[in-house]
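Below you will find one chain, with nothing else, as structure tokens; this is the form predicted alone, and questions on how it binds or moves follow later.
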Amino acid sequence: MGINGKIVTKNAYRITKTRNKTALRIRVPGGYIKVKHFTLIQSIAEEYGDGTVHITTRQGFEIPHIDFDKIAQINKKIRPLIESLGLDIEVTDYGYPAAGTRNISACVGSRICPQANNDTTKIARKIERTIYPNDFHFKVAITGCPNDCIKAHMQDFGIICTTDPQYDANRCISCKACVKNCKKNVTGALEMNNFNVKRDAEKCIGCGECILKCPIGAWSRGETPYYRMVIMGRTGKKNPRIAMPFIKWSSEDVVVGVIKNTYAFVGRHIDRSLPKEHIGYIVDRVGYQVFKQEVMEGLKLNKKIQIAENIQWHGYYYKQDNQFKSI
């Protein structure tokens, strides 16, 4: 049967290795889904697939082994899944309106984890409402603390929830628990000075470890949440690399605005002679300074924010790898 691959993939179906078979990709922003939807996913897998579901690396679901001629029927059935995204779009019987922007992934966040500095699910769903639907191939992940359990450093945009720790010297008993832990396990941003703890703001990464280690509550999380954004991490065949810090001590509105503005940046600079061009390679080609200027334009910056003057990405190129030789 004749299949228009572009239309199929835009509709969130995959072109698979099995002839005349496809796979449905179900979006689950932040990895958070209500269990009432499981029965629908199960029924689609059993009625139209082979009774299996794959949990993707991006925390979505993929239902394989679906006949292409069943797409229209399935699209009508998945309306509740699309409605659950809470998007400001008209939900129709035609299924997902785009699939280029990958499922936004997130660690479990402060709803459950004591180390998390914020509700990652809430942030993921806010970003989803801001940027979806879109066709550009973006990867976004949110992690609740600098432990980075979600591997934000491997994404186009990694958002790391941080806190500006507040110190109450009147409660402190000078036990040095926070100082010792920061020195051994974090950045050494804390030291004792005349029986009080002093914090080096340049070294502090806002992890919140001092808050967790203090036995009497001398440290607490600040009322204002902050975020660090790392950008242009990637895997792949050409130049794998980890993301590098772009902004620190940012407000939520700024990090969301940067991602939103990047769609326009890509639209202006993408090489349309290619089937697709990864965003990191676009930044490499046009330059970091152009990227920074265009994605920060029009954003209302909070007072505490810091923006990288320059970024040098590392990683490696396979063709320049001289560590191996034949024996």
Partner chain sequence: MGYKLSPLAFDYYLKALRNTYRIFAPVLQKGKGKFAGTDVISYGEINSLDDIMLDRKSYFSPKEVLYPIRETLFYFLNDETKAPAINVKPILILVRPCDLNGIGKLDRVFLNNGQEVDFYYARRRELIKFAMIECVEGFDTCFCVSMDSNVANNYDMAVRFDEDNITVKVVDKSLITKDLTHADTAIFEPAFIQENKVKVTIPEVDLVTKKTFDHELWEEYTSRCIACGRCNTSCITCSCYTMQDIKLSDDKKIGERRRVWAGCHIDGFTNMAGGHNFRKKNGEKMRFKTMHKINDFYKRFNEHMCVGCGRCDDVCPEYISFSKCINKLNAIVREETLHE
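Residue numbers count along the first chain shown, from 1. Model, not experiment: these values are computed from the prediction.
As for the form predicted in complex with the partner chain, it is not shown, yet the points below apply to it.
- Of the listed positions (127, 243, 211, 71), a single one reaches within 4.5 angstroms of the partner chain by any non-hydrogen atom in the model of the complex, namely 211.
- Proximity to the partner chain in the model of the complex, defined as a heavy atom within 4.5 Å, holds among 147, 187, 134, 174 only for 174.
- Residue contact with the partner chain in the model of the complex: residue 215 places a heavy atom within 4.5 Å of it.
- None of the heavy atoms of residue 204 is located within 4.5 Å of the partner chain in the model of the complex.
- Remark: residue 196 counts among the residues lining the partner chain in the model of the complex, judged by a heavy atom distance of 4.5 Å or less.
- Interface membership of residue 101, defined by any non-hydrogen atom within 4.5 Å of the partner chain in the model of the complex, is ruled out.
- In plain terms, the part of the chain that comes close to the partner chain in the model of the complex, with a heavy atom within 4.5 Å, is 174 to 182 out of 253 to 261, 174 to 182, 228 to 236, 79 to 87.
- Contact annotation for 102 to 122: residues with any non-hydrogen atom within 4.5 angstroms of the partner chain in the model of the complex are 110, 114, 116, 117, 118, listed in sequence order.
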